[in-house]
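The form predicted alone is given below as one chain in structure tokens.
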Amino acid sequence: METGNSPQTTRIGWIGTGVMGRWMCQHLMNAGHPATVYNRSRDKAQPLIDAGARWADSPKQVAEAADVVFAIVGYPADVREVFLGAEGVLAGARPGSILVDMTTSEPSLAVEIEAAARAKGCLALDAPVSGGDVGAKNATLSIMVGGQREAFDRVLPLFQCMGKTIVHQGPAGSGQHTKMVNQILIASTMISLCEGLLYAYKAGLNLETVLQSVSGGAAGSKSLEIYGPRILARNFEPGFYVEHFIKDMGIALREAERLNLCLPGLALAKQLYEAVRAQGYGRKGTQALLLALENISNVRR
């Protein structure tokens, strides 16, 4: 398989066609790669089917029709079922296939999947991403990859259809560990972003001019750039779900405990996001943290 050199002969499989997966798969199809797709809700895969993708009734069927199988699903339990279940990818994969999990999941599970893949003569990568829905739509994702270098080199042309920053981090699980670093960094940043804009509102400032000033200084960040305007517009729809962010922070905290690390900032962020979910915003975007902070301070808008 000459991945990337001859798109018409490199067949891709895609599992998980939600907020991000739909666009990531679309970019590969736009590059000429025939695609077979699966999602628990077929309606979310319909745009890809309308664009020419074939539908499969299970992850196993996806693997039977593909050379490289990608998945981006919700939780580690979903990842386990998709790859290792009775109707999972490994049940249908042929020797020589490459399996790529782009879900943010547990490093230990990535190691387990890679070992199971090797036992069947396949290669596996853990390749979680950062950049949210905007990065997925614009093919500007940061892709953090763990697994054998051989597999990385073969899949790199496909990754380049989806992202701009693509780094091989080391052996299986390294991509997931790197994503934990990413999520730890974002967690406290989102607190400061929402608290800062809430302060500006209560102080009676013009939020648009405040954003203009602070985004160009030392307080500027990618989170401020992407989520600041959404907060100002009271747009709390998901680029990344609150409930998935809570999942990620939980993984990071368990890994920190295993490493004998104390991460109080991350623990605080997770508790604040638990409040967001308790108030009914689990399926909103991470910027919905503002709503919980408004409730704590009794700010009514």
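Here the structure is a predicted model, which means the values were calculated and not measured. Residue numbers here begin at 1 and follow the sequence given.
The same protein also has a form predicted together with another copy of the chain, omitted here; what follows describes it.
- Note on the partner interface in the model of the complex: the residue among G250, G32, G265, P47 having a heavy atom within 4.5 angstroms of another copy of the chain is G265.
- For the options P229, G85, G96, G220, the residue carrying a heavy atom within 4.5 angstroms of another copy of the chain in the model of the complex is G220.
- Segments offered: 151-159, 220-228, 85-93, 68-76. Contacting another copy of the chain in the model of the complex at heavy atom distances within 4.5 Å is 220-228.
- In the model of the complex, A203 approaches another copy of the chain with a heavy atom inside 4.5 Å.
- The closest heavy atom approach of A233 to another copy of the chain in the model of the complex falls outside 4.5 Å.
- Another copy of the chain is not drawn, but in the model of the complex it has a heavy atom within 4.5 Å of I191.
- At the 4.5 Å threshold, heavy atoms of E64 stay clear of another copy of the chain in the model of the complex, well away from it.
- Taking another copy of the chain as it sits in the model of the complex, the stretch 162-189 comes within 4.5 angstroms of it through a non-hydrogen atom at T165, V167, Q169, S174, H177, T178, M180, V181, N182, I184, L185, I186, A187, S188, T189.
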